[in-house]
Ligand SMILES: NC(=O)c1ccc[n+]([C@@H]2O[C@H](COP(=O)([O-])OP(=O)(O)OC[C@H]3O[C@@H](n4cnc5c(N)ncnc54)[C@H](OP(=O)(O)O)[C@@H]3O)[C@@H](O)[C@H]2O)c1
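The form predicted on its own is given below as one chain in structure tokens.
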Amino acid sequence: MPTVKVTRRTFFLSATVLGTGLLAACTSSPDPIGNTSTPTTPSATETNGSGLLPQGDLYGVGIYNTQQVADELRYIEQNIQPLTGSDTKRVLITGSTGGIGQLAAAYFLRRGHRVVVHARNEQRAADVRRDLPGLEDVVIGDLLDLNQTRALAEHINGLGGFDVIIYNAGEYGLTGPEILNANSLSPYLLTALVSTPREQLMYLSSDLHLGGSLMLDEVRSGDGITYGDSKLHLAMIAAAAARRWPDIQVNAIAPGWIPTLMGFHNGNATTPDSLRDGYMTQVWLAESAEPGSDITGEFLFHRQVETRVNDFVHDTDAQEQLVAAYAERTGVAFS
């Protein structure tokens, strides 16, 4: 029987045909690095001021990370060297207490950048403070709750300006209204309310945006949308922001189907894409050191511009319709 090469595209097409939605946008195939370091057990003194201890061993395998993510975090710690010179940046990453958000944060830290991460609650804040010593700060807010999102934006603004902001946070496998709040309305609110970064904005999307729809009535009513709809919305927010702020780089990124907890959400044993490539596009854009990394207004996969995107992504009329629906739902204008 001939061997069939499985790619993210074939997985995506299979999921589309079967209607299973197996491509949970933020996860990929094992990218082993051959590191067998023994995890560190947290000490009783490693709290975050709230009295909470971090969960489990270092990097929370089985709780908020997979073994593949933990191995990659150890690889970063042992192999990535600081930048020479003074070309460091101040970076904010939402949804960065696990998975590719945490991997990007860890890489930026090792490179010498100043990093602020975002946790959904005090427990996850305790976890990431143990996992990533050297963070400048941790901001807390559950993006399922729009009131917490508004408070989070205020907290972020109180910290001063950033060079790079990466809207990485996302939920999968929840109800339609929860997906709408966490993956669509909250990134919109943060984009509208948080001071524009000096250099770059990035939004984590997915191949599943290809099957997404505008869902304007659902955005206005709060009735709920699918995961694919939400990832289309993120790509459209990125395109609309790129038009509004031509002096900074703004891009949407598909990390691929990679081996984070989200990637294994549906009981999958393997995933087809590279874990390392899933976060290195963000690093490549932020450090802007290589040819082609000055790109803006695009949809990227593993440092390449995607040519296969939903027609709505670059449709300026559709973008403005979505923005108007957001403004009607939230009472916040996107200026």
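Keep in mind that what you see is a predicted model, and the values were worked out from it rather than measured. For every residue, the number given is its place in the sequence shown, counted from 1.
Form predicted together with the ligand: not shown, discussed below.
Trainee: With a 4.5 Å heavy atom cut-off, would you call residue 260 a contact of the ligand in the model of the complex?
Mentor: Heavy-atom contact with the ligand at 4.5 Å: present for residue 260.
Trainee: Examine residue 98 and determine whether its closest non-hydrogen atom to the ligand in the model of the complex is within 4.5 angstroms.
Mentor: Residue 98: contacts the ligand in the model of the complex.
Trainee: Heavy atom to heavy atom, is residue 299 within 4.5 Å of the ligand in the model of the complex?
Mentor: Taking the distances in the model of the complex, the answer for residue 299 is no, it never comes within 4.5 Å of the ligand.
Trainee: Quick one: does residue 227 come within 4.5 Å of the ligand in the model of the complex, counting heavy atoms only?
Mentor: Output for residue 227 is yes: heavy atoms within 4.5 Å of the ligand.
Trainee: Which one, 218, 171, 71, 199, lies within 4.5 Å of the ligand in the model of the complex by heavy atoms?
Mentor: Result of the distance check: 171.
Trainee: Name the residue from 130, 120, 111, 90 that puts a heavy atom within 4.5 Å of the ligand in the model of the complex.
Mentor: Looking at the other structure, the residue within range turns out to be 120.
Trainee: Just one stretch in 153-161, 205-213, 74-82, 218-226 has heavy atoms within 4.5 Å of the ligand in the model of the complex, so which one is it?
Mentor: Result for this chain: 205-213.
Trainee: For the stretch 137-166, which residues lie within 4.5 Å of the ligand in the model of the complex by non-hydrogen atom distance?
Mentor: Residues within 4.5 Å: 141, 142, 143, 144.
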